[in-house]
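Next comes just one chain, in structure tokens: the form predicted alone.
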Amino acid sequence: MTLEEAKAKLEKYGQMQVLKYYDELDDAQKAALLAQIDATDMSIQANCKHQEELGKRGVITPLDCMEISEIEENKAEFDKVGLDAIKQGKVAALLLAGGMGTRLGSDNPKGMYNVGKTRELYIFECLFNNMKDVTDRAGAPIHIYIMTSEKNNDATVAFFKEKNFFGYPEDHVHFFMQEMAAATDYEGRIYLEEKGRMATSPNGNGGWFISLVNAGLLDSVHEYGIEWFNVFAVDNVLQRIADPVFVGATIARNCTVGAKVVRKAAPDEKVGVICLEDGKPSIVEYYDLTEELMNAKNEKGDPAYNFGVILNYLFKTEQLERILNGALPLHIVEKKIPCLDENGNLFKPESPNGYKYENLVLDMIHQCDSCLPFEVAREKEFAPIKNKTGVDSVESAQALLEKNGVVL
């Protein structure tokens, strides 16, 4: 992109302030800023002017979950269907690993955190061990795509190479970086975080497929014959990856997406719950769950919205490509955004000073034709690491790992 082309784009979207310090930059910095301007979708920033319309929800009704008792009754059938799909190379894993271990007191990528007590056992290693439980049974590896971020990509790739990919075939591990979205003030004006760089943030956990496509990896997905993506987050060290029973149940029930869920520990537990919205599968985040919904009962007299998602989904590739041709709803989140002040000095706010723009997985699910909520035992598959101590912490995850026979 030339300077004149950049000016034309910025003028169109009212973002000329991005070039405020352009003349102070060296040639490399100028080229980097022009490339960033070229790659940035600036149309989304206008949404902050009418964000009330973005948050409107449809009519929420319950969606029946396949509970553990039903899964057990059909386990052999589901396992066979799922294992066959895995053996045929139809299932891939996708790890959302763009986060840092800051809240755990680490400057490294979160997946590099050591949860071992008497030996080294990293979060990434726990996840790969869980995946190898399945691939060893199948007698063949599956492809795993790892989404990193600008902040942690180089460290993550180097770590996997240093650890020899934990014994997993290197040619089945594919890294790509998450797309970034520009961050703005409350009027939609893009902030600068440096004189030659716009302030940005990751495009949300629903941005993984467009990021994979823009990284040029869709051709390989077709080449490998991948029909399903098991998408999961880095911080749950107990989750099962490419679980044959989960895969088989989703296929057998002819659903286009499966969602692993756990029975809520309390009505107000801070987890999103699976539901229908205007008759299509969706998720209500815990902060949108009204008293009425929390207290609603189903036909059996049980809580109607009793199953929380754990960010472990199985998406049909064909459906993902259809979603890609549309547009995911945009979520505008108020955040503290480090930026340059009017004098060009870095300012780190202590309270929110603007917006970040995200796509969310829940919207991907809402655009799917059908969803299978699939219950798993919390103590066997849900050990999230959000904090150093306390609830959902390193300590609680270690206790659950040991309970499940993992030597720490």
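Under this definition, the rigid core comprises the largest set of C-alpha atoms superposing within 1.5 Å between the forms. These figures come from a predicted structure and were not determined experimentally. One-based numbering along the sequence shown.
Unshown form predicted in complex with uridine 5'-triphosphate (UTP); subsequent notes refer to it.
Taken together, the three residues 90, 312 and 376 all stay farther than 4.5 Å from uridine 5'-triphosphate (UTP) in the model of the complex, as judged by their closest heavy atom.
Taking 234, 126, 251, 242 one by one, only a single residue has any non-hydrogen atom within 4.5 Å of uridine 5'-triphosphate (UTP) in the model of the complex, and it is 234. For the options 178, 282, 306, 184, the one in contact with uridine 5'-triphosphate (UTP) in the model of the complex, meaning a heavy atom within 4.5 Å, is 178.
When contacts are judged by a 4.5 Å heavy atom cut-off, residue 134 does not count as touching uridine 5'-triphosphate (UTP) in the model of the complex. The shortest heavy atom separation between residue 217 and uridine 5'-triphosphate (UTP) in the model of the complex exceeds 4.5 Å. Within this chain, residue 203 lines the site of uridine 5'-triphosphate (UTP) in the model of the complex, having a heavy atom no more than 4.5 Å away. With a 4.5 Å cutoff on heavy atoms, residue 100 counts as touching uridine 5'-triphosphate (UTP) in the model of the complex. Only one of 204 to 212, 252 to 260, 163 to 171, 267 to 275 places residue heavy atoms within 4.5 angstroms of uridine 5'-triphosphate (UTP) in the model of the complex, namely 204 to 212. Taking uridine 5'-triphosphate (UTP) as positioned in the model of the complex, the only residue of 146 to 177 that brings a heavy atom within 4.5 Å of it is 147. Remark: with the core as the superposition reference, the CA shift of residue 181 between the shown form and the other one reaches 2 Å or more. With the core superposed, residue 103 shows a C-alpha displacement of at least 2 Å between the shown form and the other one. Core-superposed comparison between the shown form and the other one: the C-alpha position of residue 357 differs by no less than 2 Å. Figure legend: C-alpha atoms of residue 117 and residue 101, shown here, are separated by at least 3 angstroms more in the model of the complex. The distance between the CA atoms of residue 101 and residue 118 is at least 3 Å longer in the model of the complex than in the form shown here.
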